[in-house]
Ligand SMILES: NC(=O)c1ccc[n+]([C@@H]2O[C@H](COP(=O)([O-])OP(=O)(O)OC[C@H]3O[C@@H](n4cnc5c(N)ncnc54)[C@H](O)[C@@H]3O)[C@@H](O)[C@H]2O)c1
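Only one chain comes next, encoded as structure tokens, the form predicted on its own.
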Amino acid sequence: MKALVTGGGGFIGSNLALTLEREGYEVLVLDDFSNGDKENLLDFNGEIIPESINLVDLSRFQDVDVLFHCAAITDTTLVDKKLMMQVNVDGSKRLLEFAHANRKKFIYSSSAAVYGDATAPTREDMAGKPKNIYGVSKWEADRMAMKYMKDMHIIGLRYFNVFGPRESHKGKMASMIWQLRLQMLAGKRPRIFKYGEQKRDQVYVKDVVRANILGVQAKKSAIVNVGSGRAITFNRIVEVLNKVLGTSLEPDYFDNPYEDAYQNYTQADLTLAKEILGYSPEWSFEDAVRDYMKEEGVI
């Protein structure tokens, strides 16, 4: 089977492209590297097309069987709303229309940002009230996808907090696990909001990759949550990192400057993902953190 991975130089895209290649797919990567990192693809053997999803000649992908659309601007602090919408909405629409016209399977990356302040555990029918322009762009892409679901094979994957190898290029937008690890390896106490009992659904990138691949054989078209189905406190993150890294650093608690607009609890309801994809997370949080540190050569 031949696959195109857009945003294949990014965090999730590079992990997906490399896994697909190992599983016998013929893989093409499309990435203009405005957000991705070429170093993420050092072990990739397929063709890399360094072009924008908004400009590339899509006719060159006529022989592709499935499009994995991971390309996006994910910086939630971006103030250029026009650019966010051009890439995340217009770019997605262009690829979706191509997949529909040419009868290609279409698996794309959505986000839990479409839920805004929805209560947890969060179901897919709670979407539609995003709190930032990134969430708005992902919700608009979801709404477009819904219009095509009766006519094509399309799976949208709403990721919760993803962490794992090949995320370091994201800098300030990398996971809390990555951020706290840097502090702790430098001998610094890990800084977290008072008093560390905020909860996040932390999902390992290897589970996210598996959800993408399961999407190829999904029972029907749908948009589903992809998370761990568990809420991990910030204190627990520090506890696990201390155990894995062999450190004993106490948290450095500080006031949350975003208290009024902050989500203190996120957790994915995975009922639909299990029904449609057969997806259940395989990695426990501690095992995932340990595997991550091994992959990065930290332990």
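As the structure is a prediction and not an experimental result, all values here were calculated from the model. Residue numbers run from 1 along the displayed sequence.
If you look for the form predicted together with the ligand, you will not find it shown, but the lines that follow are about it.
- 170 is the sole member of 170, 123, 131, 199 with a non-hydrogen atom lying within 4.5 angstroms of the ligand in the predicted complex.
- Exactly one listed residue, out of 53, 240, 232, 66, brings a non-hydrogen atom to within 4.5 Å of the ligand in the predicted complex: 53.
- By the criterion of a heavy atom within 4.5 Å, residue 268 is excluded from the residues contacting the ligand in the predicted complex.
- Heavy atoms of residue 87 reach within 4.5 Å of the ligand in the predicted complex, making it an interface residue.
- Put simply, residue 224 is far from the ligand in the predicted complex: not one heavy atom of it is within 4.5 Å.
- At the 4.5 Å threshold, heavy atoms of residue 115 stay clear of the ligand in the predicted complex, well away from it.
- The candidate stretches are 140-148, 180-188, 214-222, 105-113, and the one lying within 4.5 Å of the ligand in the predicted complex by heavy atoms is 105-113.
- Shown without its partner, the chain has 33, 34, 35, 36 in segment 33-50 as residues with a non-hydrogen atom within 4.5 angstroms of the ligand in the predicted complex.
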